[in-house]
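Before any questions on how it binds or moves, here is one chain, the form predicted on its own, in structure tokens.
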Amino acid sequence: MSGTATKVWALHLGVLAALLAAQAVLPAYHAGNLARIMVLAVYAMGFNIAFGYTGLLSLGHALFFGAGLYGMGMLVALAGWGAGAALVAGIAAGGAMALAVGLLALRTAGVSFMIVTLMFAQAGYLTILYYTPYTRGEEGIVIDRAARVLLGFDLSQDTIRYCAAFALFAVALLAKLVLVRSSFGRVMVAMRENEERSRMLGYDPFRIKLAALVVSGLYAGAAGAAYGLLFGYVGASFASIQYSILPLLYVLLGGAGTVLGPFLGAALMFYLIDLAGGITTAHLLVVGVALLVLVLFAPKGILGALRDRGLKWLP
């Protein structure tokens, strides 16, 4: 293993070891927050595969997150499925929705792609509200504690919930690290940097971008399904435009095109909102000022700036 590979794996395994140890030392409040952040970071990791590595700025990822959330929740609440089977179905729902959207939306590019994905997401959100007798609309679906048992573990218990969120995060992080360092990951970056040159080299941009979007949708579906199971609630607000904007902010803050950027961005944004909300009702103003400062002084995000200033090996 080369020196660069050693540093890359040491960094990421070190972060996972620190997160695993954090559960034993953090107060219950912060451990609960960290579990939520890890699940949201998985969602942002999926968004980063499409946006940060492939250059697909989507505003429709709430549809993929919502597909995972409702795919799991409705099967548990209405069809009586077990948590494990419903979780797999939720992940598949996120990937299938990304495939369906991608087949149509990838025939556009740039701003048009952004608008088309936004329209799909809004259509999905309105569909959830239209079928309120089944989806419970804004009121949402509460997942019974008895249904939140996976492989014999009660996911409503704080420690087990944290471990489940950590397991999901660890698998997602390591899979993403392997993906972006593979030949396919390099092709995704080539699509982002110069699509025409990639086409001249013999790659099919449509197939590559569609595959990247489906992987992104699988991540979003996994995060949505896990969120519903771990926190026991499925609601239409999670499929609203706000949940398409949040992963974009996480990625911009942490660093687009970096493996750990989405987690760093999700953690900083979560606690920035949490702390600002305790001081003022205008907490979104504080978030806006922080993002403005970031764009001015570190337009590539925190880890992107570090990579430009010396850590060239950072994936």
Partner chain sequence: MDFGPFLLLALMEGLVTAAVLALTAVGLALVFGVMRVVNVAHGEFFMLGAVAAWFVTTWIPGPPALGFIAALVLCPLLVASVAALADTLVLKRLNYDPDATIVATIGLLYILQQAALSLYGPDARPVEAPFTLRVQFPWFGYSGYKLAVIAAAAVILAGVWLLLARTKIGLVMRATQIDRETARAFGINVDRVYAGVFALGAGLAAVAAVLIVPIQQAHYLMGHDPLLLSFIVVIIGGLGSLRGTLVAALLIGLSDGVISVFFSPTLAKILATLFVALVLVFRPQGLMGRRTA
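Treat the numbers as computed from the prediction; the structure is a model and nothing was measured. Positions refer to the first chain, counted from 1.
Omitted here: the form predicted together with its partner chain. The next part is about that form.
- For its partner chain in the predicted complex, the listed stretch (205-213, 222-230, 171-179, 235-243) containing residues with heavy atoms inside 4.5 Å is 235-243.
- Proximity to its partner chain in the predicted complex, taken as a non-hydrogen atom within 4.5 angstroms, holds for one residue of 18, 10, 296, 24, which is 296.
- Residue 115 is the only one of 115, 149, 99, 88 with a heavy atom lying within 4.5 Å of its partner chain in the predicted complex.
- Using a 4.5 angstroms limit between non-hydrogen atoms, residue 305 is distant from its partner chain in the predicted complex.
- With a 4.5 Å cutoff on heavy atoms, residue 273 does not count as touching its partner chain in the predicted complex; it lies far away.
- Although the partner is absent here, residue 197 lies well away from its partner chain in the predicted complex, with no heavy atom inside 4.5 Å.
- Within this chain, residue 163 is remote from the site of its partner chain in the predicted complex, having no heavy atom within 4.5 Å.
- Not one of 34, 137 and 142 comes within 4.5 Å of its partner chain in the predicted complex, counting any heavy atom.
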